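Take a look at this one chain, the form predicted alone, written out in structure tokens.
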């Protein structure tokens, strides 16, 4: 039997979670004070995902970069590939919140979206 320990990141409580796993089966989940903690622990063991945040270059804008994030969480093992592709993205000002900077980033079927306004100069 294998024991995985996590700190839940779904709310400010930061519960200490423990997941007992035998082979591919989850035997028990403990330490959570809400259902979200149980869901997080289950996902963290079976399919860990994260939202990727970064910046991309802006041409002709008041600022030279703008913040972006993946619209949906991506598998943890795809984060490095996402970052490699994000580093290559350049957009032209003006850019607006929710503008799509890239589609299907690193084959994840999610988009990279802008999270800040940058006006053209």
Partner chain sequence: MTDYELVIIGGGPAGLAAGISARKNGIERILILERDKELGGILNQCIHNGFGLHTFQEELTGPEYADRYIQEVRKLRIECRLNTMVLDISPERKVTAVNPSDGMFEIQAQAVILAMGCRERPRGALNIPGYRPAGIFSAGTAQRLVNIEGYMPGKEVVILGSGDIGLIMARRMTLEGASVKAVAELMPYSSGLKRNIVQCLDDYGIPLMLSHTVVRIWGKERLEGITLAEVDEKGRPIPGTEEEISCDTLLLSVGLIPENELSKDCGIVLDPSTKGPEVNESLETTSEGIFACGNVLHVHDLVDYVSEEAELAGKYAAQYIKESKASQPVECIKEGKNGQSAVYRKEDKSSRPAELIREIRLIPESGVSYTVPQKISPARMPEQVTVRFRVRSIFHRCSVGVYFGERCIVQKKRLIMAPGEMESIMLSREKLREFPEIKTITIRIEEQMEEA
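For clarity, every value in this text was computed on a predicted model and none was experimentally measured. Residue numbers count along the first chain shown, from 1.
Note that the form predicted in complex with the partner chain isn't included here; everything after this is about it.
Under a 4.5 angstroms non-hydrogen atom cutoff, the partner chain in the predicted bound form lacks residue 31 among its neighbouring residues. At a distance threshold of 4.5 angstroms between non-hydrogen atoms, residue 35 is out of contact with the partner chain in the predicted bound form.
Among residues of the shown chain, residue 120 is not one whose heavy atoms approach the partner chain to within 4.5 Å in the predicted bound form. The partner chain in the predicted bound form is approached by residue 64, whose closest heavy atom lies within 4.5 angstroms of it. Contacts of stretch 51 to 89 with the partner chain in the predicted bound form, defined by any heavy atom lying within 4.5 Å, are made by 51, 53, 54, 55, 62, 63, 64, 65, 67, 69, 76, 79, 83, 87, listed in sequence order.
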